[in-house]
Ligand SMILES: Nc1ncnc2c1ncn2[C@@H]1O[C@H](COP(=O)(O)OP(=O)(O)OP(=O)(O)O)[C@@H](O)[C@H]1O
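Just the one chain here, the form predicted alone, laid out as structure tokens.
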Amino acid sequence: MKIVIISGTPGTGKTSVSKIITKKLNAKMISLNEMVLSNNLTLSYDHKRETAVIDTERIIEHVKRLVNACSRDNINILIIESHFSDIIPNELIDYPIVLRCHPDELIKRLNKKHYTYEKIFENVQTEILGSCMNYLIEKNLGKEIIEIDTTDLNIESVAEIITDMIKYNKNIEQFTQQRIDWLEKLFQEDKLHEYFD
């Protein structure tokens, strides 16, 4: 079974893309966010940040059980998506993928999702710093991390790119050889002050 991890800041397209890929490849999909809520895998709620504090150990146990069930059911491809999918153990990651988005576009997308001003800028700053990518790098996976800029792509195009990678190992090098660096780009454009106080 191939296990595909799709990570990225909220608003980069993870859930929508994962749903399309799941249909295209007749795969199974796990949304960690939904799994956490439906199984009460939280420790507390951070009211200031408007987010649940997840119980990492219980989530990993739950994921391992689901992976074993998928294996028994002869599922060929499992998609696991979430902005915190870096918690998945290394041995369960075959395709590590991070979706990225330019901060200006990300603000528009998160506005459409009715995020608060504070929540939008917390997520945009996270994207500028490349946190989701950095967490995967720190895991020392021993395999290339695929990074896709979704800024100017529609959901179907992103899903097609990933589907081709999983099915045919197509274009992987194109998305692993050059890192996306919003921090440097915004610094060069003298725009960092627009996103950080």
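Start at 1 with the first residue shown and count on from there. Here the structure is a predicted model, which means the values were calculated and not measured.
What comes next is about the form predicted in complex with the named molecule, which is not displayed.
Proximity of Glu127 to the named molecule in the predicted complex: non-hydrogen atoms within 4.5 Å are absent; the residue sits far from the partner. When the named molecule is considered in the predicted complex, Ser16 lines it closely, a heavy atom lying within 4.5 Å. Residue contact with the named molecule in the predicted complex: Cys132 places no heavy atom within 4.5 Å of it. Contact check for Asp94: no non-hydrogen atom falls within 4.5 Å of the named molecule in the predicted complex. The contact residue chosen from Met165, Ile30, Val158, Ile146 relative to the named molecule in the predicted complex is Val158, the criterion being a non-hydrogen atom within 4.5 angstroms. Residue heavy atoms within 4.5 Å of the named molecule in the predicted complex occur in exactly one stretch of 146-154, 66-74, 36-44, 49-57, and that stretch is 146-154.
Contacts with the named molecule in the predicted complex, taken as any heavy atom within 4.5 Å, map within 94-120 to Glu105, Arg109, Lys112, Lys113, Tyr115.
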